[in-house]
Structure formats: structure tokens, C-alpha cells
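Coming up is one lone chain in C-alpha cells, specifically the form predicted alone.
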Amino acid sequence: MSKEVTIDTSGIYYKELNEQINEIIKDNPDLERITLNNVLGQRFIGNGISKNNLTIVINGIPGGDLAMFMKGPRVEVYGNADHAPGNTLDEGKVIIHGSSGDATGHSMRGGSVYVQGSVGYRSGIHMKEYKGKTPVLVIGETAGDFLGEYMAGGIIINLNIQSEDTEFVKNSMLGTGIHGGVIYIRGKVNESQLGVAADIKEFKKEDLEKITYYIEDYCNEFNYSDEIKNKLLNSNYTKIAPISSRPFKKLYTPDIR
């Protein structure tokens, strides 16, 4: 029984690769680490895997829906990731040493996704809290438009490390349709950049306390210096939250009061 397995994924079709990964996990109950080399676009890596104390290391660029429905493992990507990493993630951690595509963190209901670089459009869409779990998406650099769209729960932290906290961010339609959860953006946001149902709230001491653990953990994962960590912890953040828990109520339910 092996505790560590390495697979050269060159030329392996995504279905065959995922079947191979599942067989290895099944045959090695004490498995602690799988290393995938030369990954180039294979989809669904980690899909549905339910196993604690397992690390999946990906050297290359995984395809869409990385770690979808995953419960427990840690996935670490040394490269960029395609669309929707962390789709409906239940438990576990996804660390991306690069950037990721559209819909990063799509429908997360637990666990965490840390992206060192930037993310595409509609990241954090439909994140939600499930059975006491709080999903967390932390983005190191920029995010595309519609960040946190239709968000129902969880936490998004957009650090904008490459910018000063006195600058206005460039993305728009922030929090469109949000009805739960919260978005924290390092820097300034104009009300014109908000989507329907989103509102700028006061960033309070308890908000800083809420995000401090995740910022520190993020910095530790990417080996950032104490100087950068302290800079992020002592920055100005804009808090975006829902106007109400049912912002579109009148569109679907007549007011009979």
C-alpha cells in the first residue's frame, strides 16, 4: 500500500485520468498524496472525492470544474486553472499558484479556494452556506465583473494586492442579485459599480476580525512576507452585502399586506 503516488498525465484523456485516480484511492486506503505531472486541460480532477488527509498536487493547468463536489482533500495547483475550480465544493481546500477562469468558486457550499493571481467573470456566483459550513473564496489580484453574483452565503475577499487601498477597483456589477453572504474588497468601490440588490455597508472592527484568519492563512499558503501580511491586515476594505435577504420578492410574490 502506497502513501504517495505520482502520475504522468501526458496524453491521458480526462475520463481515463479520473478513473485512474479513483482506483488508486480505492486501492490505497492510507494514501496521503497524489502528484499529477504534465496536466494540460484534463477536466473534473478531484470530482466527488471524499477523503480527509489527502493532498492532490497538480503540476500544470487543470481543465474546468476542478475539485467539483469534493469533500475533504487539499488540492494544490502549480499553474493556472480553467473555469469553475471549486464548483459546489463541500469541504476541503483548493490552492492555485496562478490565476483561474470564469466562475471560480461557483456554488461553493463549504471549504475554501485561494487564488494567488486573478479570477475571471462571475466568480463566487451562487456561493451558499450549507449545514453550518461557510465557503470562503480569497482572490489575490483582480476579479472580473459580476463578482459574487446571486451570492446566498459565504465570504469573498478580493485583496487586490497589486493596487493601493486608496484606489477604486475597476470591476463592475459587483454582487448582482446578492441575497446572502458578504464581499470584502481591498480598495474603494463606487456605488455605480454595484449590481442590483448590492449595498455598501460600514466596514467595522468585527469585519476585520472575521477576515483576519483567512488573510493570514492565505499569506501563509503563498509564503508572503510579514510585511505584506501586515499591509493587507491594515488596509482599507469596502464591505458589500445584500440590501435584503429577498431583493426580488416583488417580482415573484404579490404584496398582499
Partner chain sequence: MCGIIGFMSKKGRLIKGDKIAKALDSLRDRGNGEGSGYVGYGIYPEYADKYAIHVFIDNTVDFPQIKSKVEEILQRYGIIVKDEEIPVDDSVIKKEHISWRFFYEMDEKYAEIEEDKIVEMVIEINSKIDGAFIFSSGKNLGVFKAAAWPDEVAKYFKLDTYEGYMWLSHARYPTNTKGWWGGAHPFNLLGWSVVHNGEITSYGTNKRYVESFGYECNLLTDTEVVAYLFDLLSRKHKLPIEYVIGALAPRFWKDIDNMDDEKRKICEAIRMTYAGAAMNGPFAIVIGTNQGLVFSNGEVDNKNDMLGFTDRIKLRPLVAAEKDDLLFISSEEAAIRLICPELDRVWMPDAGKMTIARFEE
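Numbering follows the first chain given and starts at 1. Source: prediction; values computed, not measured.
One more form of this protein, predicted together with its partner chain, exists but is not displayed; see below.
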TODO: Report the residue, out of Glu129, Glu91, Asp165, Asp102, that has at least one non-hydrogen atom within 4.5 angstroms of its partner chain in the predicted complex.
DONE: Asp102
TODO: Counting non-hydrogen atoms within 4.5 angstroms of its partner chain in the predicted complex, say which of Val196, Leu208, Ile228, Leu40 makes the cut.
DONE: Leu40
Task: Contact label in the predicted complex: Val119 to its partner chain, heavy atom within 4.5 Å - done: yes
Task: Residue contact check: Asp82 to its partner chain in the predicted complex, 4.5 Å heavy atom - done: yes
Open item on the list: Just checking whether Tyr13 would be counted as a contact of its partner chain in the predicted complex - the rule being heavy atoms within 4.5 angstroms.
Closed with: yes
- [ ] Indicate whether Phe146 is a 4.5 Å heavy atom neighbour of its partner chain in the predicted complex.
- [x] yes
- [ ] Tell me the stretch among 93 to 101, 180 to 188, 130 to 138, 109 to 117 that has any heavy atom within 4.5 angstroms of its partner chain in the predicted complex.
- [x] 93 to 101
